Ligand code: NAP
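One chain comes next, on its own, written as structure tokens: the form predicted alone.
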């Protein structure tokens, strides 16, 4: 597979290639170019050249193209989902859902195009009037993660294109294939050459060049907090606009009056979807002591039914971790917790059998008696291990929920809506779901507090981040106003 720059298939100037592996089997799925800085510069130039044409296209035309992109993605959803499963590892049903979310995003922002009208008002003195208008930021660099490469491509390009911007996209080197296919479909839907360019290669060259290139006006990044800090530092040299969606250690608080069956389902879905590799996965389960024993029993029973396997197989509920490093991290976290007194109720090891020998599999794991000093209590756990904590009061639950450097997502489970809203407001997180696992929707803004990021994606708020606000003041000299210095 090749890169798409200025609407054309191209190889890297280095002629070197990167292998993309299947996390379930260790086999090579395909290869992509290993781009150099000069390839990124060509993509940026193409995006800059396309900016005027795309931004000046009538709003109705941009809307039609976004709708056509959504239509073509849906028509090719099965092929895209299969490719996503092969390169990322998630089960096919989850891959289908992710492809569908990309189309949803395009449709949502197609409906918002043109709604940002100029605002005009007279001055109170009657001397003239002012106009407040919105203009595109310019060329945007979108740097994507490997856990949700397709949906997060949509979170960035759909509002950005709607606002009239153009893009240089860097997919994760381990999950570039589906994104390349999606960008190809975007061109087949009528997108002008250069409006979206996709460049594959390592972050130290491709990512850094995108961030540092003076022609790139904004960076939209999703990934881990450490990388986000480096991007923020590099972007500060030129005061670039940035949107950062970073890590999380999301708490799920369950009160005594919650629907326990529903909450158990929510905990399982929220923790083990995508093998626990989501920024908003349930990372810490906080139970009020009155229901703790019953809840844990139901939870363990449910977790034991999760079928681990190759995501291509229809019977699979949870696929492998994405790479060996991710598996080692979660293994080390579990071992650390156990060394500090935690008890493994289920899982806590790799599955046995020949079918698991070449992939990065790890059993879904539940831990109790977890120390507050354990790594899993303090760092983001990006894998299928769920630590459980028992508290005695609402105040203790909130205090524990906020005992983290992160503030991305959270959930509260109770039938008492007054308490639900009270606790939701006290939890320091960008999103709190009430009686629901973490589900992102195109209509609702998403982003984090504290070290979970800057800015918002999705919703009208997400669109605003792809505009600059410009004020124009018009004075009527016939009113007789004169300026003299000194005043």
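Just so you know, these numbers come straight off a predicted model, no measurement behind them. Numbering follows the first chain given and starts at 1.
Heads up, the form predicted together with this ligand isn't pictured, but that's what we're talking about next.
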Task: Option touching this ligand, based on a heavy atom within 4.5 Å in the predicted bound form, out of 143, 183, 385, 99 - done: 143
TODO: State the residue from 152, 275, 105, 195 whose non-hydrogen atoms include one within 4.5 Å of this ligand in the predicted bound form.
DONE: 152
Open item on the list: Considering non-hydrogen atoms and a 4.5 Å limit, does this ligand approach residue 248 in the predicted bound form?
Closed with: yes
Task: in the predicted bound form, residue 114 touching this ligand (heavy atom, 4.5 Å) - done: no
TODO: Indicate whether this ligand has at least one heavy atom within 4.5 Å of a heavy atom of residue 221 in the predicted bound form.
DONE: yes
Open item on the list: in the predicted bound form, is there a heavy atom of this ligand that lies within 4.5 Å of any heavy atom of residue 203, even though the partner is absent here?
Closed with: yes
TODO: Pick the stretch from 394 to 402, 168 to 176, 264 to 272, 300 to 308 whose residues have a heavy atom within 4.5 Å of this ligand in the predicted bound form.
DONE: 168 to 176
Task: All of 207, 279 and 408 within 4.5 Å of this ligand in the predicted bound form, heavy atom check - done: yes
- [ ] Would you mind checking 424 to 447 for residues with a heavy atom within 4.5 Å of this ligand in the predicted bound form?
- [x] 446
